[in-house]
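Here you get one chain, nothing else, as structure tokens; it is the form predicted alone.
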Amino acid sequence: MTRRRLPEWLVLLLPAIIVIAAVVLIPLLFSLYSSFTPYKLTRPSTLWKWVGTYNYEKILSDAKFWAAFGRTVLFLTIVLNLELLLGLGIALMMNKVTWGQRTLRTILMFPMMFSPILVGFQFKFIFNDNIGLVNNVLQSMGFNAALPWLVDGKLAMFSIMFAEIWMSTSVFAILILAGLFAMPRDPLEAAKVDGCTPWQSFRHITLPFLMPFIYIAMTIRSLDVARAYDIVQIMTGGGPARRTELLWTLMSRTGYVDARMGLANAMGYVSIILSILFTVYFFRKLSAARAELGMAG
């Protein structure tokens, strides 16, 4: 009697499959199951009580959830557009540099190397009401009143956006710069010979070529911004009065402060669905941009 052996490819992949199942698949299935229960960390027995879609129905009628959702969409829209504009401007300027460009590219990557927690602490100090760098500079310029950057709701949201943009604009700049390096020079030279202005060349030649790179950056950053937690938690903790609370800080508060882990997991899956919708939208835009570029070529 011969023993059946597993295929060699399966033997090679088996350790990775086991690790992925233990680290990703099992926790994912557990969180999905618990989202259909009234699971509370303080009452483990509630894990075995099935309530169906009650948590999801509660979310859809929860004003706090939709307020956090609205702030997250606003946060994402403003941050992505400003990062795009700043990243595009930086990439265009760096593309004109003929000396020291490698050094500039290395410096450009520095903000990406910092962890979000470190960036949060850094800007929490910079925007501190009493000893913060920003207020000290403003006072040295003649402003007598110290602005409550992390206490006022609107100023606190601006401070968080500023920190997020500082940390991640380089993602757009590097990807767009890669697109500029890959761009053929013949269409630009032909446009120059035909008498096109620099703006016309940029609008009709450079920008369409860069759009696939821009949408790749948009896709990556939309997922990161939609999951923004570290910087918000460190700088404001969702305050003041929850005016800077985004979806993931709301989930953290619900799951670990209020101990309602089942409801928090349900919020997480709703947020994942919203993130997938953003990803699908940008992926379609990316496919359309690639198809248009292919037709143009």
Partner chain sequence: MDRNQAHRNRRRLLKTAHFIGLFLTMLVICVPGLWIVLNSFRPTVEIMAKPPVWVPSFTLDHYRAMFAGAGEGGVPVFSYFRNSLIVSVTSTFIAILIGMSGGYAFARYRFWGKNSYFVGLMLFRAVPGVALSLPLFIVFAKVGIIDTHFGLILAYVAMNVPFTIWLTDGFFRQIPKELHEAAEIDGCTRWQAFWKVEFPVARSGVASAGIFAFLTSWNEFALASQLTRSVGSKTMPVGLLDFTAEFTINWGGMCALAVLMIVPALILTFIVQKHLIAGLTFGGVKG
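Numbering follows the first chain given and starts at 1. The model shown is predicted, which means the values in this text are computed figures rather than measured ones. The term rigid core refers to the maximal set of C-alpha atoms that superpose within 1.5 Å between the two forms.
Here the subject shifts to the form predicted in complex with its partner chain, a form of this protein not shown in this document.
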Q: Please name which of the stretches 200 to 208, 184 to 192, 71 to 79, 216 to 224 has residues with heavy atoms lying within 4.5 Å of its partner chain in the predicted bound form.
A: 216 to 224
Q: May I ask you to state whether K154 is within 4.5 Å of its partner chain in the predicted bound form, using heavy atom distances?
A: no
**Q.** Residue contact check: A288 to its partner chain in the predicted bound form, 4.5 Å heavy atom
**A.** no
(Q) Just checking whether Y256 would be counted as a contact of its partner chain in the predicted bound form - the rule being heavy atoms within 4.5 angstroms. (A) yes
Q. Does L88 make contact with its partner chain in the predicted bound form, using a 4.5 Å heavy atom cut-off?
A. no
Q.
Suppose contact means a heavy atom within 4.5 Å; in the predicted bound form, does that hold for all of W66, S159 and C196 with its partner chain?
A. no
(Q) Suppose contact means any heavy atom within 4.5 Å; which members of 224 to 256 contact its partner chain in the predicted bound form? (A) D224, A226, Y229, D230, I234, W248, M251, S252, G255, Y256
Q.
Superposed on the rigid core, does the Cα of E189 end up 2 angstroms or more away between the shown form and the other one?
A. no
Q. Core-aligned, is the CA shift for R227 between the shown form and the other one 2 angstroms or more?
A. yes
Q.
Flagged pair A226/F69: C-alpha distance shifts by 3 angstroms or more in the predicted bound form. Which direction, closer or farther?
A. farther
Q. Relative to what is shown, are the Cα atoms of R227 and I126 closer or farther apart in the predicted bound form, where the gap shifts by 3 Å or more?
A. closer
